[in-house]
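First, one chain by itself: the form predicted on its own, in structure tokens.
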Amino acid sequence: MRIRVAVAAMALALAAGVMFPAGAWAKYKPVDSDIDPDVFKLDEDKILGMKLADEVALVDDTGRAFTLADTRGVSTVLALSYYTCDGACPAFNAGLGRLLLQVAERGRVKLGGEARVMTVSFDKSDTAQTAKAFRAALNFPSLLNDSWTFAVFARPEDLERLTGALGYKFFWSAQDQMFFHPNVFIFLTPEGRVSRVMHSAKVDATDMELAIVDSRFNRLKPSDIGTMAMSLCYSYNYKEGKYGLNYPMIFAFSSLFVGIGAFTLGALVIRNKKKAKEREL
């Protein structure tokens, strides 16, 4: 591929840097690349809030047929991969598993009952058998296995329909014998709408937890009030692709509590003074 020529040329130029005057670097331009960098991006503005088609048909690693409509009712973390990959995809899914275990340990999100995970292959040659082998190689603990589905598309047109709707681009490199594709986590609401897209390299356990909470915000129960309060203290930074402290909200809450405290203290002082006067009479 031409991109390898560009990388090799850059390495050679760096190695021989002492032979070039400083101004020469400004004249260097890499040759055109065969890899479109946009392949690794999803247009979040376009797909956030989009509902994925209920009728998309899938087959899991046990051979069970189901549709996206059957996954409704809980939040879903969707990962697109392919099962014959021997590098990035296993690492990507293993990393997702580690993040979810950290989230589960915190106890605020219950895997299975409140959130599930689904890895689906975009490779038309994958089958239920390759999905099963991929799961086995990951060797997840039962907590993850019970809440994680590995599946393939039952029909090629559904593969094209879902990846096309998401703007998820991928292509096969014959020379490298591998697919190039984005490694992203797509968070779906219990109704099946896209609520967040996050690139795996930037995500930590807090990001994962908050994205799941955000995806089920309209389904929060009274017992989730602590989780809801936590989520309000963070805001999602689209530029950085991560959650950060929501300082205006924290300041507002702090001011509110200070105000309530001052009002309560003032009321107590007035009441005590009133009682003291009554005793004097």
Partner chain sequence: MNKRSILLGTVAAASLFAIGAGDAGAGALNDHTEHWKELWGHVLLDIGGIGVVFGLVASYFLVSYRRTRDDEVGKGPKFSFAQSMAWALIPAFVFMADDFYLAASGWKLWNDQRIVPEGAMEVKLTGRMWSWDFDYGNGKVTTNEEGLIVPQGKPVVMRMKSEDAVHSFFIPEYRIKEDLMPGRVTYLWFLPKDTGEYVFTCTEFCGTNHSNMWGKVKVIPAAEFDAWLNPPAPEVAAAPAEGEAMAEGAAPAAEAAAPAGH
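Bear in mind the structure is a predicted one, so any value in this text is a computation, not a measurement. Residue numbers count along the first chain shown, from 1.
This protein has a second form, the form predicted in complex with the partner chain, left out of what is shown; the following refers to that one.
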property: Contact of Arg155 with the partner chain in the predicted bound form (heavy atom, 4.5 Å); result: no
property: Contact label in the predicted bound form: Gly63 to the partner chain, heavy atom within 4.5 Å; result: no
property: Contact flag, Ser125 vs the partner chain in the predicted bound form, heavy atom cut 4.5 Å; result: yes
property: Non-hydrogen atom contact Asp70 with the partner chain in the predicted bound form at 4.5 angstroms; result: no
property: Partner-facing stretch of 158 to 166, 198 to 206, 109 to 117, 141 to 149, counted where any non-hydrogen atom is within 4.5 angstroms of the partner chain in the predicted bound form; result: 158 to 166
property: Heavy atom contacts to the partner chain in the predicted bound form at 4.5 Å, residues of 46 to 68 in sequence order; result: Lys46, Ile47, Leu48, Gly49, Met50, Lys51, Leu52, Ala53, Asp54, Glu55
